[in-house]
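One chain follows as structure tokens, the form predicted alone.
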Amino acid sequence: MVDKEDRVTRNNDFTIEVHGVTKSFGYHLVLRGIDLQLKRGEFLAIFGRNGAGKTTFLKVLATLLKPSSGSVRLAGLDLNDNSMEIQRKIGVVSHQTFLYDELTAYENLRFYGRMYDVPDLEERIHELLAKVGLTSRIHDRVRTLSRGMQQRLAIARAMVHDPSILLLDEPETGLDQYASAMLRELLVTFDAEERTVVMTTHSLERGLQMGNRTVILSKGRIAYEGSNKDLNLTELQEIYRRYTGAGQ
């Protein structure tokens, strides 16, 4: 198995470039000058207390929000000029599944696959459903699936067009321990395909296990950024307390 750190160094092109990004809602400044660069194959875990700006930042990357100032380039494309094209290069998974309850698992993937003009769509749908362990539920309506199954299907939805960038906003929210474990296994599988992944999470342990880089947001700024290569959980917990004031 190729080490993530080694894999990243083989490609010097940045798939995500963020420079001086701010985001305001009225007079409330949520993001206060974010600078970040990610190479292909990197898995970034973003931590921070509630209100630190994690979800807002991910929504900017997902083209759901426009930054108030600064620049964002994804897969070489400027966010302001190419939002539609960028959407074809990203997949988004959050605690919201973005699935249609009255459609079956198959129909949901077919809907999104047609939206993105996915070639060999039938084959792709069956491949993804097998990957997420839902082949036996292919013709079941989404509303009949468990929360964990819905989240697995949401990952398949996000991956149907084979995006080069995967954005995960606290994807384990509301899942039990078993469903969370299955979700992590799936993400590791998809991460092995050398796509760039950004994940917000409240779990320091989970982010440390899955990511190869860490960012800690505090009051809309990057308070800490570093590699996970030689970092253990105790050290990360201390860093998190130091930069967020958690537990004080």
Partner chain sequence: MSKSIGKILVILRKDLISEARTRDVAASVLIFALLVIVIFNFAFEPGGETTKLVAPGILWVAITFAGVLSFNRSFVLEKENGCLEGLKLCPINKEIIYLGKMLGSLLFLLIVEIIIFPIFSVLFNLPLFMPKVALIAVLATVGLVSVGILFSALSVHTKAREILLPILFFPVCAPVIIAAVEATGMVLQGEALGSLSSWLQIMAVFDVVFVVVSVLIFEFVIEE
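Keep in mind the model is a prediction, meaning the values are calculated, not measured. Residue numbers count along the first chain shown, from 1.
Unshown form predicted together with its partner chain; subsequent notes refer to it.
- Only one of the listed residues (Leu77, Ala130, Met115, Ile138) places a non-hydrogen atom within 4.5 angstroms of its partner chain in the predicted complex, and that residue is Met115.
- Distance criterion of 4.5 Å from any heavy atom to its partner chain in the predicted complex singles out Leu65 from the list Leu29, Ala181, Leu65, Val188.
- When contacts are judged by a 4.5 Å heavy atom cut-off, Lys59 counts as touching its partner chain in the predicted complex.
- For the chain shown alone, Arg88 is a contact residue for its partner chain in the predicted complex, at least one non-hydrogen atom being within 4.5 angstroms.
- Using a 4.5 angstroms limit between non-hydrogen atoms, Gln177 is distant from its partner chain in the predicted complex.
- Residue contact with its partner chain in the predicted complex: Val92 places a heavy atom within 4.5 Å of it.
- Taking its partner chain as positioned in the predicted complex, the residues of 91-113 that bring a heavy atom within 4.5 Å of it are, in sequence order, Val92, Gln96, Thr97, Phe98, Leu99, Tyr100, Asp101, Glu102, Leu103, Thr104, Glu107, Arg110, Phe111, Tyr112.
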